[in-house]
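Listed next as structure tokens is one chain, alone, in the form predicted on its own.
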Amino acid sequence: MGEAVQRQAEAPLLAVNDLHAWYGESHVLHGISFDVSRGQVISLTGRNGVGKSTTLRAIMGLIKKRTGSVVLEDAETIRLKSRDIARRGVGFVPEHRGIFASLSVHENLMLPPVVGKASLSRNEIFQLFPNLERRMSSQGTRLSGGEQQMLAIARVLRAGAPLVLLDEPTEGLAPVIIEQIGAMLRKLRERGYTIVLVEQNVQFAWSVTDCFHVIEHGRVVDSFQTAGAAGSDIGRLKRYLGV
């Protein structure tokens, strides 16, 4: 109980408040607000097109026009460029994975600079993703979809970002690879990483997530914890997603 009270008293690692974002003239986010505690895994969920991926991009500073507040470890980042946000310890794995076609797996993995103490060594990465050790000399685009996803996540972990933003990590992957990624996320949570996940696979997200935030029309409309959740909570989540 004492530990839980202490955690509640701590300032969140990430605090998003009244976040708005635009693509050109299109107003996509309409006041997104949520907090993420240190060492917590949260999921942003909702139907397609409601602003989930845009929220991650806005946090990362990849949206040109955004307003509101994104506080990382008590520092406001809303006016920072994406490269400066990355240097403060935010790692982003986009849905398209961002693997460089002309580089080998080793070169892709070693490309980003180390930005934090949370950096994993090559051996630690190979323990999480054994497939990568056997493919280090292969070109990035010669990997399967699952191996590319592993490489994209591993690259962020080697850089040492304690806050990881994951956009649809299981999209299009085989069940056995999804299980590997789920096991990896649970291990990262045990190591104290903080993860913001956008994920449509409800069963997968439920197995790794501490808290869900449901987004509709560019704003958070519902939130609930997975610990101790009742069947009605799961049903409510599925109704939001139309599944």
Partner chain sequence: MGQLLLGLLNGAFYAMLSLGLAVIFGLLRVVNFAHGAQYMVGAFIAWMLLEFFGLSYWWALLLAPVITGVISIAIERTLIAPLAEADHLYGLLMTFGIAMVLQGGFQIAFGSAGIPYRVPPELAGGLRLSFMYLPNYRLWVLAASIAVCLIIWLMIEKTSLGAYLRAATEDPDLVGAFGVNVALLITVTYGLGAALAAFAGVLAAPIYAVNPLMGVELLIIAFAVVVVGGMGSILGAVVTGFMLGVIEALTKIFYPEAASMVIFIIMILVLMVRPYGLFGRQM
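Numbering follows the first chain given and starts at 1. Note that the structure is predicted; figures quoted are calculated from it, not measured.
Absent from the display: the form predicted together with its partner chain. The rest refers to it.
Against its partner chain in the predicted bound form, the set S207, D210 and V221 makes no contact: no member has a heavy atom within 4.5 Å.
Although the partner is absent from this view, L62 contacts its partner chain in the predicted bound form, with a non-hydrogen atom inside 4.5 angstroms. For S102, a non-hydrogen atom is located within 4.5 Å of its partner chain in the predicted bound form, even though that partner is not displayed. A residue is said to contact a partner when one of its heavy atoms sits within 4.5 Å of a partner heavy atom; E124 fails this definition for its partner chain in the predicted bound form, lying far away. In the predicted bound form, at least one heavy atom of V156 sits within 4.5 Å of its partner chain.
Of the candidate stretches 128-136, 168-176, 91-99, 67-75, only 91-99 contains residues with a heavy atom within 4.5 Å of its partner chain in the predicted bound form.
Contacts to its partner chain in the predicted bound form (heavy atom within 4.5 Å) from stretch 114-150: V115 only.
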